[in-house]
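First, one chain by itself in structure tokens, the form predicted alone.
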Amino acid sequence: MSKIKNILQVRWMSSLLFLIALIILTGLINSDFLTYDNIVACFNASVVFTLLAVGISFVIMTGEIDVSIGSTMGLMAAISGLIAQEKGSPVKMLILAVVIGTVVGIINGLGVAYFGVPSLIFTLGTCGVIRGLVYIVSQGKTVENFAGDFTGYGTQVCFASITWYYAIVFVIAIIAHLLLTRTRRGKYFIAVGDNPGGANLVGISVFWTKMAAYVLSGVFAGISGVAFASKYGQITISAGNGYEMSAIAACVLGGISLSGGLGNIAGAAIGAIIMSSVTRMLVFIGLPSTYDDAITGIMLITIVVIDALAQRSAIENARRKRLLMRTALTKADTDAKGGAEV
């Protein structure tokens, strides 16, 4: 029984159970959903969301936020589309994705970690600038008519109907999870989000840790843009709008606290599957896809409220334990003095 309790206390396990519950609930409403192909399709469809969620996880764990990832993804998707029109190499796209993502990450990191601008405000400004660049790069038109096999890469199967894209993203998520939880520097992100002042005192650079978090967020957003272009085959000027909210919701669903210092990459990856599965599940339930945003918002609000209540409860429990310990120590001191006087 204690082992089961310990398993359930793992934050990403609750998100996995939530995913399973959603699949079962959808299957109970419409049994046609419970097929291997439909369930695997939910995983394959989560490639873009998983990349975004993994990247922004590092930022959220440090106690900050990055709402520029959707526009960064849209910019890199447009650039990838233009390169694909000329039969350009996917390697060139990935290199540009890393470079552009790094530049955006450095700008965001400097604004937040060095100049001390609130992360929501600064990255919102960055989002606007990058969104303007999307219009400039695409000349206000939809980027389409890709040449070569670029749009076919996303559907190539690796094994058991799992696409190569998802298999690669899954491996990336596992590596990121292990680096975050098993390496000393990986644990810096959690330490900074949990207690920035304490992290500084033990020699952890809050500035460089947040810089690294924003660079990783930008790079993953850039790479997700390449995957987006390959998957959908055309890039509108609004590509990426709202994706930052879905990525944040995926992280929160995966057990990452918005106040920082808590969570892991595995949870974010599972949350991304949940977010990408909503549309498919709505189809089988019988609701139109126009409900997507409303449901995403409801899920985000619900999980944030639950997270806030859980944190408040944890703080109160810790405070109560400290009070009980102090009371017990005071009583022990009083008893000791009374015994000495006798």
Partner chain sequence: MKLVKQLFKRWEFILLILLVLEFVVFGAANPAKFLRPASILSSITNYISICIIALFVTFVMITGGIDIQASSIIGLTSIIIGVSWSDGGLNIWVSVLLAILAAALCGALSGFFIAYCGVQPMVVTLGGSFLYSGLGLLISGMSKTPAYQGISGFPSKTETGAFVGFRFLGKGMLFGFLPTQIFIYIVLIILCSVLLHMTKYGRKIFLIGVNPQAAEYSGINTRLVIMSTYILTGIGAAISGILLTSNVDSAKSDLGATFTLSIITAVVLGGTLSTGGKGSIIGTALASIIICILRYGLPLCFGVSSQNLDLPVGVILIIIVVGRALAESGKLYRFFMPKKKTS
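Since this is a predicted model, take the numbers as computed values, not measurements. Positions refer to the first chain, counted from 1. Only the largest set of C-alpha atoms that superpose within 1.5 Å between the two forms is called the rigid core.
The discussion below concerns the form predicted together with its partner chain, not included here.
Enquirer: With the cut-off set at 4.5 Å between non-hydrogen atoms, does Met275 touch its partner chain in the predicted complex?
Expert: Yes, Met275 is a contact residue.
Enquirer: With the partner left out of view, is Ala41 within 4.5 angstroms of its partner chain in the predicted complex by any non-hydrogen atom?
Expert: Taking the distances in the predicted complex, the answer for Ala41 is no, it never comes within 4.5 Å of its partner chain.
Enquirer: How about Ile174 - does it come within 4.5 Å of its partner chain in the predicted complex, if we only consider non-hydrogen atoms?
Expert: Although its partner chain is absent here, Ile174 would stay clear of it in the predicted complex, with no heavy atoms inside 4.5 Å.
Enquirer: Please tell me whether any heavy atom belonging to Gly132 falls inside 4.5 Å of a heavy atom of its partner chain, as the geometry stands in the predicted complex.
Expert: Residue-level check for Gly132: yes, a contact with its partner chain.
Enquirer: If the criterion is a non-hydrogen atom within 4.5 angstroms, does every one of Gly88, Thr151 and Arg280 touch its partner chain in the predicted complex?
Expert: Contact check failed for every one of Gly88, Thr151 and Arg280.
Enquirer: Consider the chain as shown here, without its partner, and state which of Thr209, Ser246, Ser230, Thr163 has a heavy atom within 4.5 Å of its partner chain in the predicted complex.
Expert: If I apply the 4.5 Å criterion carefully, the residue I get is Ser246.
Enquirer: Can you pick out, from Ile121, Val103, Ile168, Val157, the residue that has a heavy atom within 4.5 Å of its partner chain in the predicted complex?
Expert: Residue within 4.5 Å of the partner: Ile121.
Enquirer: If contact means a heavy atom within 4.5 Å, which one of 133 to 141, 222 to 230, 91 to 99, 77 to 85 is the stretch that engages its partner chain in the predicted complex?
Expert: Result for this chain: 133 to 141.
Enquirer: Heavy atom within 4.5 Å of its partner chain in the predicted complex: which residues of 34 to 71 qualify?
Expert: Only a single residue, Ile65, comes within 4.5 Å of the partner.
Enquirer: Is Ala45 one of the residues whose Cα moves 2 Å or more between the shown form and the other one, with the core superposed?
Expert: No, its C-alpha moves less than 2 Å.
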